[in-house]
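Take a look at this single chain, the form predicted on its own, given in structure tokens.
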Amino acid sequence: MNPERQRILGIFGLLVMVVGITAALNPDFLGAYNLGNILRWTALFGVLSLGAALVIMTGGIDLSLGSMAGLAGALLPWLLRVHGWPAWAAMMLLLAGCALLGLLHGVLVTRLRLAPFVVTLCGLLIYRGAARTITSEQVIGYGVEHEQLRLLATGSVFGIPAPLLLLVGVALLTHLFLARSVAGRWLLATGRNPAAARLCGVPTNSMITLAYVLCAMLAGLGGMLFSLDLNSVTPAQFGQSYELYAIAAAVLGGCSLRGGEGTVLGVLIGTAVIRVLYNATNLLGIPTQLEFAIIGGVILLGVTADELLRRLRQSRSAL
């Protein structure tokens, strides 16, 4: 069986197991309200996870994703309420700004040869500080005049949460990019073997930069949707640790930290597993202090499974 299909079936089996155990221990898990919340938050984190996955597929990492989401999410109500910007203009400006920050990441990584870990860790700190400084650390809300805009995150269409529909659109575009476009195939080739891809004429630096740009834009989009869902933003805390959820979902969904591997479907299922686990800790009365321990365990599980599968494939090919 195809290794990617094996990974997807494995993570889907884990999802079914967690859902089954949680539902058996607490029937409220299958309630309409709870399932609606899980779907909505899975969709919101799914947008971030797809962005993280694109960078991981190139063999990089983006630790600034959560702070960038926090920056965009805090500046959206700031632009709307404090400066009176039209919603469409504010959102376009923030997406363009995130794209420029992603471009900066890519240039620093590819042209100056700085480690992605260092570049994006610095971004994590800078963007968090920028959000707090620009907003003067004030809690910012949308007020009643922007209820229609908030429907992007809180509304539904025929009972389907609006964020889930947005995620489906983003996921389809990402899948088409990776599977049907030359640039998408180049991006995966860059992650598998940068030197070989370069010898074959692939513009590896451009592909790495593109991954950071797309990741930053998805972080900005996800941050604005989170902000609209919550209705008010505390700049010092908003988006904190979101990068951990996104990276965990991507790794658990089959994205190899060595690069060159991963599927959109796997990332979506990985995101669902993370959110179901989080929901289960609340419903089953598990101390919330264990949340990050669970995330760490999930990342370790994904990395270990990836390494074991790699060794298995190597041993088979050697026979």
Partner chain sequence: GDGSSSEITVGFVSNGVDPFWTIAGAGAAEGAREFSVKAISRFPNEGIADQQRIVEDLIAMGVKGIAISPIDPVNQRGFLDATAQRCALITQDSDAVGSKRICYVGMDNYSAGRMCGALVREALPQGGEVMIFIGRIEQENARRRRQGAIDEILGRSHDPDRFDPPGQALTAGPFTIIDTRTDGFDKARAKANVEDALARHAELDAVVGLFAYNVPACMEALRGAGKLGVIKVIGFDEAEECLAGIAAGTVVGTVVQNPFEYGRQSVRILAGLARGDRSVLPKDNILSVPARVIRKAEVDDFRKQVRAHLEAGR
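Residue numbers count along the first chain shown, from 1. Everything quoted here is computed from the prediction, not taken from an experiment. Note that the rigid core is defined as the largest set of C-alphas that superpose within 1.5 Å between two forms.
There is another form of this protein, the form predicted in complex with its partner chain, and it is not shown here; the text below is about that form.
For the options Ala87, Leu165, Leu100, Ala236, the residue carrying a heavy atom within 4.5 angstroms of its partner chain in the predicted complex is Ala236. In the predicted complex, its partner chain sits within 4.5 Å of a heavy atom belonging to Gly141. Heavy atoms of Asn279 reach within 4.5 Å of its partner chain in the predicted complex, making it an interface residue. Although the partner is absent here, Leu95 lies well away from its partner chain in the predicted complex, with no heavy atom inside 4.5 Å. Its partner chain is not drawn, but in the predicted complex it has no heavy atom within 4.5 Å of His146. Annotated contact segment (heavy atom within 4.5 Å of its partner chain in the predicted complex): 226 to 234, selected among 68 to 76, 157 to 165, 212 to 220, 226 to 234. Residues of 16 to 50 placing a heavy atom within 4.5 Å of its partner chain in the predicted complex, in sequence order: Asn26, Asp28, Tyr33, Asn34, Asn37, Arg40, Trp41. Core-superposed comparison between this form and the one not shown: the CA of Ile295 exceeds or equals a 2 Å shift.
With the core held fixed, Ala24 shows a CA shift of 2 Å or greater between this form and the one not shown.
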